[in-house]
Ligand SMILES: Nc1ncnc2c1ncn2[C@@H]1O[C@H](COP(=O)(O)OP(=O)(O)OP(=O)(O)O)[C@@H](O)[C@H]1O
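Only one chain is included here, represented as structure tokens and corresponding to the form predicted on its own.
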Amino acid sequence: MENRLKILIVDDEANLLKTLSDILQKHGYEVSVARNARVALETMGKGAFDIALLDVRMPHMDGVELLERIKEKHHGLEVIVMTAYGTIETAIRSTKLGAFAYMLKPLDIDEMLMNVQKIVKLKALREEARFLQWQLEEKHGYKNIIGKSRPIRHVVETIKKVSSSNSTVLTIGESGTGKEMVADAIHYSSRRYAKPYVKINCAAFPENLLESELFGYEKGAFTGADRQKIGKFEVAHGGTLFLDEIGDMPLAMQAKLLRVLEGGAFERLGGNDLIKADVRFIAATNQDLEKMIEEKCFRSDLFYRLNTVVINVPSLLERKEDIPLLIEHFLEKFSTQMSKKAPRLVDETVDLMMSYPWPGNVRELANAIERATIFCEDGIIKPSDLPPNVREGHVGLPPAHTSGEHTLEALEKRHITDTLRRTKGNKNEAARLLGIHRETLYKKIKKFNIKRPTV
């Protein structure tokens, strides 16, 4: 990159132009010269330059005015200002306009070459940062949200619009629909992509531990606090904090979160200092928060503060036309991970997968494809390679006999019970299959009074 760096020298002194040009060319740079600002602008209009060395005192248009014109039209061009008549006012104005360096004549050639080298390194770092951003967007951006259906296209368009802002986002959808992937895409498509991205599952911690996780604590704040701990709010400063399963956050913690959202500041447990937090918040839930507000389980003021932008992530049942694309994506993903050729599906297998309701959504589909990729033979996925419930075409729930058993809560209870039966009571495995956190499963078992199922 260094040898191809293009430099434009703008000065009305012919001798200086030749001297600087010879020195820079000797160091491997491609050099062009201009005797005044008009010629310089014409030259820049014909080709891109990396660096411009500008004299301040020139006829018709001085170097500072030329600097201003350059910064308006040539954003990637770094400028070094040179002058024999240095003033504090000129130096300040040049710096405010974006000059990389301000040098006095007669020039110190070593200093000039050092400034050029600094620009070379700066451009290399910027190029690396752009490449890293591209990698992050490729891996975590909205391009990884697979599908062409109208509901998923709407989600992607919303992500594109909201990413450039700092607005709080609430993602709503069933377990396994990809709410966390939406949060990832928002962060890695935003200006905060290179800043911390911190995730916390609100259902994974008891209330007292959740508070210390979010706010941190001072030494001696409580028994066992033998050192200061930095909380997630501080860790996420400048970046994004993703609050998953926000509906499981205790009411007392909801009030404290609301204060941070409104004031952008907090105190560590046991501390008195107010700590500022520049954090973009994204929250997710699979619960009906408005119903929870009616039941006094969720604060209405927090809800209205969170739902500045709401993204409803559709269930797989709402976007069935995306299933073939998702199957292709997961086949490629898992076969690559297993270092094997991607298998193909026979028509009967495709028909089964298209007719199955996928209560666990995309996560359940991914698990089914991963399992089939492991167990299939001769590179062909047959119906027998699919999980039993997919083969049988239902979610394994016993038939409902009354209208009351068709309610969402009744179906959820029966689905959890069936999953626990299939995993022989293994709650960790059941939580994985259901696409929820273990602590969330424990709460639902308690809520629905589910007894240990007979295997």
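One-based numbering along the sequence shown. All values reported here derive from a predicted model rather than from experimental measurement. We call the rigid core the largest set of C-alpha positions that still match within 1.5 Å between the two forms.
Note that the form predicted in complex with the ligand isn't included here; everything after this is about it.
Given a 4.5 Å cut-off on heavy atoms, tell me which of 178 to 186, 157 to 165, 301 to 309, 224 to 232 is the interface stretch with the ligand in the model of the complex.
Within 4.5 Å of the partner lies stretch 178 to 186.
Although the ligand is absent from this view, report whether residue 385 comes within 4.5 Å of it in the model of the complex, heavy atoms only.
No, residue 385 stays farther than 4.5 Å from the ligand in the model of the complex.
So, in the model of the complex, is residue 174 in contact with the ligand at a 4.5 angstroms heavy atom limit?
Close contact exists here: in the model of the complex, residue 174 approaches the ligand to within 4.5 Å, heavy atoms only.
Contact test in the model of the complex: residue 87 vs the ligand, heavy atoms, 4.5 Å
Because no heavy atom of residue 87 falls inside 4.5 Å of the ligand in the model of the complex, the answer is no.
Exercise: residue 248 in contact with the ligand in the model of the complex, heavy atom 4.5 Å:
No.
Between 146, 352, 331, 203, only one gets a heavy atom within 4.5 angstroms of the ligand in the model of the complex; which residue is that?
By the 4.5 Å heavy-atom cutoff, the listed residue in contact is 146.
Between 80, 381, 362, 279, only one gets a heavy atom within 4.5 angstroms of the ligand in the model of the complex; which residue is that?
Contact with the ligand in the model of the complex is made by 362 alone.
For a quick check, can you give me the residues of 295 to 326 that have a heavy atom within 4.5 Å of the ligand in the model of the complex?
319, 326, in sequence order.
Comparing between this form and the one not shown on the rigid core, is the C-alpha shift at residue 20 2 Å or larger?
Comparing forms between this form and the one not shown, the residue 20 CA shifts below 2 Å.
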